[in-house]
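Given next, in structure tokens, is a single chain: the form predicted alone.
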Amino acid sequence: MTDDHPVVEFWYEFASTYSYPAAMRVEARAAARGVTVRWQPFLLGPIFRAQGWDSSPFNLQPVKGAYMWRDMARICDAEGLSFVRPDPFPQNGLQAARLALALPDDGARAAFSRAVYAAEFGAGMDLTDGSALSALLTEQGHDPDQIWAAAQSDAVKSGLRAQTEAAVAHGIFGAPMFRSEDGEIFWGYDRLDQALEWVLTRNR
């Protein structure tokens, strides 16, 4: 519990397609039900490599990938979100994740993360474009030099590794994933409401 509000953890990876609509809706849906969101960036690459995958499963399984792209187009249309297929896919979200982790989880991390997703999947931004990421930081009212310096610190680098290790320990194998304080996990954009209901039921 946080400030007497139940908590849901939102585990996300910037290269993840379905994390985009999830990131754009999670705060509003949670706030409407009195739930606090904890934003937890992590990396899927090490998790996939541990399973013997050298790319996204959507690339490794073309039929599944084709379905995902069509599904994303439908979801974004329904949610009123712009959608541009990233090229290449998956993007390298390492620097974006470090920048997000360098920001406090007091609304700043959430706002920056949403801005990154909107630029990446809504406008085709390359996640490795440092100047574009800096521009997003500036738009969010941050000093980009200060945040970049923090993101390159040993504390944040090791923190992101620890985040990914914690994800594995929690049984997280994909993104987006929602996790309750009692350790229940819910995988996928379409499991947000189920996760919120679980959190609320366990805190009544």
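A residue's number is simply how far along the shown sequence it sits, counting from 1. Just so it is clear, the model here is predicted, and its values are computed rather than measured.
One more form of this protein exists, namely the form predicted together with a further copy of the same chain; it is left out here, but the text below deals with it.
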Would you please decide whether Ala118 lies within 4.5 angstroms of a further copy of the same chain in the predicted bound form, comparing each non-hydrogen atom pair?
no
Although the partner isn't part of this model, could you tell me whether Asp105 comes within 4.5 Å of a further copy of the same chain in the predicted bound form, counting any heavy atom of the residue?
no
Using heavy atoms and a 4.5 Å limit, would one call Arg85 a contact residue for a further copy of the same chain in the predicted bound form?
no
Does Gly34 make contact with a further copy of the same chain in the predicted bound form, using a 4.5 Å heavy atom cut-off?
no
So which of Lys157, Arg38, Arg49, Lys64 gets a non-hydrogen atom within 4.5 Å of a further copy of the same chain in the predicted bound form?
Lys64
Assert contact residue (a further copy of the same chain, in the predicted bound form, non-hydrogen atom within 4.5 Å, options Ile75, Ala132, Leu94, Ala111) equals Ile75
Can you pick the stretch from 136-144, 24-32, 38-46, 168-176 whose heavy atoms fall within 4.5 Å of a further copy of the same chain in the predicted bound form?
168-176
